[in-house]
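The chain below stands alone and is given in structure tokens; this is the form predicted alone.
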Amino acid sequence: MRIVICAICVLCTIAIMLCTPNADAQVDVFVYTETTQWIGQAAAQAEADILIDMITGKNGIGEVVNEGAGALEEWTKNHTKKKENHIIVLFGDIPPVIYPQGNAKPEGSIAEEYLDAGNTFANTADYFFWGLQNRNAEGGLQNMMDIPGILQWDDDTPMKVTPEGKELTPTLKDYAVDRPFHVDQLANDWELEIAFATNTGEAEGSTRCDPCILRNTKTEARLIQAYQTANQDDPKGEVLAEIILNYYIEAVGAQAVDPANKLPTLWGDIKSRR
């Protein structure tokens, strides 16, 4: 009987260990605002400040950095480790130090190596990986995802908040996006992980989404998109923070999210931060 009890205790301990987030698996975040597209640098910094203020010191979040391209290059190299789920936040531009301009290195760039290791890029404002003054155009996203035909057109596409969006991103309201993700063009192990707003208000059956997270089922790479809009005054910082704290850190195993501790952002809080 004693042997049976010991065996049960061992199995229970293993189960708890498997279900408990890894305390060492914290998510480091680099917020890049030195160059921007479709949003002024001052406005991008204001949104970045809101994001940084909301996530710094929270459970599951490690180091939060807001520096320039030189620091980003070194940081990206240092964080290119398998499935550590770190995040680089961009405001419409990806600098050439990690993705050479003109798609000069379509395979094996610092940015792609980082992504393929199972890390994450988040982007707001202009087209994902488009680059300042059209330096990469459509090829940036196509090369980074290894999906030759994927595009992000469709100005003023109506987005309706999904049930998941209402629960996890309380700041998010219905709006119009200019560069949504084309869910119907996903291929090569990429899937829609979660949609906070889509053209239908539901994840299933939708063809466009923003905000949303795409995940590569083979590498665990993720792309987080929120408010890809042209010089539009959207609560970018708040919604990105809600996505990270209310969903992402639990999804990657950095920290379980207690429903009672999810960010119930109120419009009064938003105004006080701006």
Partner chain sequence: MKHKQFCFIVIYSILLLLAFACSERMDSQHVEPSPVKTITSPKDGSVMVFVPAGDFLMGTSDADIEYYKEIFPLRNISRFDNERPQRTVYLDAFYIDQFEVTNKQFKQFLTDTGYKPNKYLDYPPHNDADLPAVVLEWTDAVAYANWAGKRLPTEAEWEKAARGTDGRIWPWGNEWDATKLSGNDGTGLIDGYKLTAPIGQFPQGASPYGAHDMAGNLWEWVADLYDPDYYDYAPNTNPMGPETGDGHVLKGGGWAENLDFTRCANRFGGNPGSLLRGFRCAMDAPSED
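Residue numbers count along the first chain shown, from 1. On a predicted model such as this, the values are computed, not experimentally measured, just so you know.
Unshown form predicted together with its partner chain; subsequent notes refer to it.
Although the partner is absent from the chain shown here, none of 85, 113 and 188 has a heavy atom within 4.5 Å of its partner chain in the predicted complex. Checked against its partner chain in the predicted complex, the residues 130, 196, 181, 99 give one hit for a heavy atom within 4.5 Å, which is 130. The contact residue chosen from 46, 230, 52, 69 relative to its partner chain in the predicted complex is 230, the criterion being a non-hydrogen atom within 4.5 angstroms. The stretch that touches its partner chain in the predicted complex, counting heavy atoms within 4.5 Å, is 168-176, out of 72-80, 168-176, 115-123, 188-196. Though the partner is left out of this view, residue 38 does reach within 4.5 Å of its partner chain in the predicted complex, counting heavy atoms only.
Its partner chain in the predicted complex is not approached by residue 201, whose heavy atoms all lie more than 4.5 angstroms from it. Contact annotation: residue 107 falls outside 4.5 Å of its partner chain in the predicted complex, judged by heavy atom distances. Although the partner is absent here, residue 208 lies within 4.5 Å of its partner chain in the predicted complex, judged by heavy atoms. Along 123-153, these residues reach a heavy atom to within 4.5 Å of its partner chain in the predicted complex: 126, 127, 130, 133, 134, 137, 138, 151, 153.
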